[in-house]
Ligand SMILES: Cc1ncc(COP(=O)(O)O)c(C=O)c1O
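What follows is a single chain, given as C-alpha cells, in the form predicted on its own.
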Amino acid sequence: MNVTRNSRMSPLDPTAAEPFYRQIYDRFRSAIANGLLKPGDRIPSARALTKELGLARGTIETAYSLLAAEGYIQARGQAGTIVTPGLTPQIAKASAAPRTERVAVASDFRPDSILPFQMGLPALDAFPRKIWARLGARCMRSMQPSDMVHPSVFGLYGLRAAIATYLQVSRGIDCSASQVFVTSGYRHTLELIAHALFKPGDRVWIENPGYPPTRDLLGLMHMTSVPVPVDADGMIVSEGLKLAPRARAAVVTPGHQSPLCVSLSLPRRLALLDWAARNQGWIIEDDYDGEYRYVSRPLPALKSLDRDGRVLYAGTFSKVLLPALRLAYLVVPQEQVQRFEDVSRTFVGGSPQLTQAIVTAFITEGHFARHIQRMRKLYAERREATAAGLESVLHKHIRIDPQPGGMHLILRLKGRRSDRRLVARMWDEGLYAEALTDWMVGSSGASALLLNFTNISTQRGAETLGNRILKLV
C-alpha cells in the first residue's frame, strides 16, 4: 500500500467488519510500522482524502485523531500533517495499540463509537474547532481561584443567562436565568424533574413510538409509563385522556417527534396545555433538535404557549454542538424555581465549570447562532444527498418518509422484512441503524430503519453505503 501525499489510496473494503475510520487508521499504522511511510513524510490532508474516498470528513478526522493521539502523526498547520519525526518502524510496532473487538449491538442506547449512519451525532467534521480552541485557551488563561472551586449545582450563571437570552429570541420562551438549570444530559434532566415533582407510582404519558430511554428511566424510578399513540399530527391527546386522564405528566417532543419527526399540531398543543392546567399535570417538552427544520422557520416552542406554568422545557447541546460536552438545560416555571434549587442541592454535583465557560463565550459572542445557521443549511444539503443516494440503490426495498426536519431519515421497509433483523446484519457489517419497532411499546408497527445523515457528506458516499445495505436486505 502506498499512502504518500501524491499517490492514491486504494479503496476501502465495504464488506469488512471494521468501520471505515478504523480501516484508515490500520492502513496508516501498518505503513508506518512496515517502513513504507517514514518519519517526516507528509500524508494526505483530511480534505483530500475525504474527496478521494467519498466519505464524511469526520470519518477521516476520527482516524487521524486516533493516529495523532497514539503518536504516529503530527499536524503542522499549513505545512500539513506528517509522520512523527523520530518514529522508527520498531517503535511503531512496539507502540501499536491492541486491536479491540468491534462492538456488537450495545446495551447502551447510544454507543461511544463513530459508525456510518450513527444516530445522535451532529456533523463532526463541521464543528468550528479553531474557534472552540481559541475560546478554550482564553478561558484557561483567565482562570481565577474562584473558577477552581466546586461548580454551582444550578449551572454557571453566565451560561444560564446566555441560554435564557437565546431561548427568548429563537424559541419564543420568556424566561429568566434563575429558571434555567444546567444538567449533564437528557437523562439527568428527566431525573431532576422526577425528584422534584413526581413520586413512585405516578403515571406519565409517553409517545408511542417514542425515545426508549424515557420509558426505561421512568421504570427505574418506579413510575408507570402510559404509551400514547402518535399520528401525523403528533401525540393523540384524546387517546391519552382515555388511557390515563389523571396522569401526573406527559413527555412530548412537539418540534420533531422522536422518532417520526412530525410536529405536534396547534389544536393538540392547546388540548395538551388545557389538560395540564385542569389536572395540575406537567408537560415535559423535549426540544432535542428543534433548530433543524428545513421546509420553513423553526416552530415556536410549546413552552411559548404556556400561560399556566405547566411546561418544563428541556434542551441540549448534544445535537447542536457535541455529545462529548455532556451539557443540557432545563427551564422550569418561575413558581418551581425554589423547589428545583432545593432538589439540585441534594442530587446534583454540577457540570465542569471550564466547559460551561467556553459554551458561554461561544453563545454570547455570536458563534452559536451562526453555527446553527450553517448546520441548518448543511444538513438540508446532506439530507437531500443521502436520501437520493440511498434511494437510487435501495428503491426496490425501501421508501423514505418525507420529513420537515430532524437529523435522521426513516427508511420504510417494503414487504415483510424485519427491521430488527436487518439492523443486526448492518451492525455485523460495521454499519449503524436503529429499528423503529424497538421504539414501539406493545404491538409492533411497520418495519423501518432510522439512519442519521449528518455525517454523510456526498451522494456518492451514500450510494456506496447503500450498496453495502443492499447486500444485507
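A residue's number is simply how far along the shown sequence it sits, counting from 1. Only a predicted model underlies this, so the values are computations on that prediction, with no experimental measurement involved.
Note that the form predicted together with the ligand isn't included here; everything after this is about it.
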Legend entry - Position in contact with the ligand when the complex is considered in the model of the complex, options 211, 275, 154, 362, heavy atoms within 4.5 Å: 211
Inset, instruction - Could you spot which one of 186, 132, 198, 166 gets a heavy atom to within 4.5 Å of the ligand in the model of the complex? - result: 186
Inset, instruction - Determine whether any heavy atom of residue 368 comes within 4.5 Å of a heavy atom of the ligand in the model of the complex, and answer yes or no. - result: no
Legend entry - 4.5 Å heavy atom contact, residue 316 to the ligand in the model of the complex: yes
Inset, instruction - Could you confirm whether residue 120 comes within 4.5 Å of the ligand in the model of the complex, counting heavy atoms only? - result: yes
Inset, instruction - Flag residue 372 as yes or no: does it have a non-hydrogen atom within 4.5 angstroms of any non-hydrogen atom of the ligand in the model of the complex? - result: no
Inset, instruction - From the candidate stretches 344-352, 220-228, 383-391, 321-329, select the single one in contact with the ligand in the model of the complex, where contact means a heavy atom within 4.5 Å. - result: 321-329
Inset, instruction - Determine the residues of 267-287 with a heavy atom within 4.5 Å of the ligand in the model of the complex and present them in sequence order; the list may be empty. - result: 286
